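There is one chain below, alone, in structure tokens, taken in the form predicted on its own.
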């Protein structure tokens, strides 16, 4: 059961994008099409699984003071491998679209975060499953966003025209503001259904830390206090 939990955690309960809000930069920049989202997700999954495995094996012999530089070197090695593999075997259009975001996997918070928070504290099997689950959750989210944005922009899915009468592209979903709107809508729906499920189970639903007004405190700023006194 623990192995299954390690694998499924990243798909929904601790989804890197929809719950932990990590990897936002490639999420917003590369999901203009489902193909780009899927390609970026698979590349990140490869790095996650490989780096988690190696880091879980060497964690016990790496001095704590230099563990982060060592982890980054391990991650960079796998990023170099996937970059060369994609350059050799991936469709040229996909490799060109991903561009600089492949090397930037080195500093992706998802990869380094799992290395520090999980792989360095667990065995190889658990670490592989954790990396695979997190990578799968990341891939599914990016592909879903890519499908939505591509469909709303051009009426296509995976570059296949679904609505043949769609001749004029809608630019908003393919631009950064459209990506923010779509991601925000998905987060709102996810929290809504989580809240409904908690109510049905007779439990109190607590939104993820950082996503509710308890952590905003904007209403406690001095200018807001003055506005309240004026009223």
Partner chain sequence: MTKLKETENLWILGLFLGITGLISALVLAIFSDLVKEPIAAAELRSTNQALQQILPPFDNQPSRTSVKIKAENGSEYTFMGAFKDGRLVALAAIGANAGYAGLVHAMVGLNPDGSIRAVLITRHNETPGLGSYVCERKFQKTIFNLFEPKPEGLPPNSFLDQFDGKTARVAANWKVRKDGGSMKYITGATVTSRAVTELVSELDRCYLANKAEIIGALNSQEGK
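This structure is a prediction, so every number in the text was calculated from the model and none was measured. Positions refer to the first chain, counted from 1.
Note that the form predicted in complex with its partner chain isn't included here; everything after this is about it.
J.: Quick one: is residue 202 in contact with its partner chain in the predicted complex, heavy atoms, 4.5 Å cut-off?
T.: The answer is no: residue 202 has no heavy atom within 4.5 Å of its partner chain.
J.: Is residue 116 close to its partner chain in the predicted complex, meaning a heavy atom pair under 4.5 Å apart or at it?
T.: Heavy-atom contact with its partner chain at 4.5 Å: absent for residue 116.
J.: Give a yes or no for residue 183: in the predicted complex, does one of its heavy atoms lie within 4.5 Å of a heavy atom belonging to its partner chain?
T.: Contact check for residue 183: no, nothing within 4.5 Å of its partner chain in the predicted complex.
J.: Indicate whether residue 70 is a 4.5 Å heavy atom neighbour of its partner chain in the predicted complex.
T.: Residue-level check for residue 70: yes, a contact with its partner chain.
J.: Select from the listed residues 125, 107, 84, 94 the one whose heavy atoms reach within 4.5 Å of its partner chain in the predicted complex.
T.: Of the listed residues, the single hit is 84.
J.: Could you tell me which one of 179, 42, 59, 53 places a heavy atom within 4.5 Å of its partner chain in the predicted complex?
T.: The residue in contact is 59.
J.: Of these, 125-133, 138-146, 157-165, 108-116, which stretch puts a heavy atom within 4.5 angstroms of its partner chain in the predicted complex?
T.: The contacting stretch here is 157-165.
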